[in-house]
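Taking the form predicted alone, here's one chain by itself in structure tokens.
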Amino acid sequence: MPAKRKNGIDLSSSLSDIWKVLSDDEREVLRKNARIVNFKKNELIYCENEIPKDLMCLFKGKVKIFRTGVGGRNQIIRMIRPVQYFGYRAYFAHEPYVTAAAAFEPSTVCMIPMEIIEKMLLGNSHLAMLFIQMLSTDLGIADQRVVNLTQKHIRGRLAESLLFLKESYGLEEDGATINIYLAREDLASLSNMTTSNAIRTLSNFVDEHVIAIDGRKIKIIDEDKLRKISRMG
């Protein structure tokens, strides 16, 4: 087995952004310590208040980052797609996780002990800059999301969520159906609204010929109009 592979997975390709800034010795340390873990649909990857130990990278599947809010209702904070890193902010903040993560569908996650990453960061400025960029990007997205969820009305929030899902996960072969199937409660959680409001607004979008719905499948019929609704808020 080539040194760059782990459980049949080519780490140099799957972790390309990190791999390219590591020395040969650091790559070998990473290969020896990385774990490949498979999760079933809806299985928890980590829980709120758990102590963070690993840098996680999604190799395959879809993952949601969420938090339990008032009244026990979940709020989806982020959606993770391959190949994105997650689970490391709490470690750097020296605090337990304030969110939880679960697999939307069968998913494969690479886990690397944060202690190993931290040691590498202290001796590798290029790797440190990569993490600064990732944290800065995540913070910018979080800031924009706070504004959108607090200032946009229900229609704007839902339209934005549909566009976000399209841009994150792409479309199926028909070039219109969003390549992720969400339960209505998950779509509502992503859009910061009640499930009943999400269902009603989706129905309005169907009546306006903006989207079409087949079970959990959502097909975008008029993307320009959907973007206009998102912009108007």
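Each residue number is its position in the shown sequence, starting from 1. Values in this document were obtained by computation on a predicted structure and should not be read as measured data.
Absent from the display: the form predicted in complex with a further copy of the same chain. The rest refers to it.
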property	result
Check all three, 92, 133 and 152, heavy atom within 4.5 Å of a further copy of the same chain in the predicted complex	yes
Residue 170, heavy atom within 4.5 angstroms of a further copy of the same chain in the predicted complex	no
Touches a further copy of the same chain in the predicted complex: residue 200 (any heavy atom, 4.5 Å)	no
Partner proximity in the predicted complex: residue 121 to a further copy of the same chain, non-hydrogen atom cutoff 4.5 Å	yes
Distance check, residue 81 to a further copy of the same chain in the predicted complex, heavy atom within 4.5 Å	no
Listed residue (111, 163, 77, 116) with a non-hydrogen atom within 4.5 angstroms of a further copy of the same chain in the predicted complex	77
Interface segment, criterion being heavy atoms within 4.5 Å of a further copy of the same chain in the predicted complex, picked from 179-187, 24-32, 61-69, 204-212	61-69
a further copy of the same chain in the predicted complex - contacting residues of 46-62, heavy atom within 4.5 Å	none
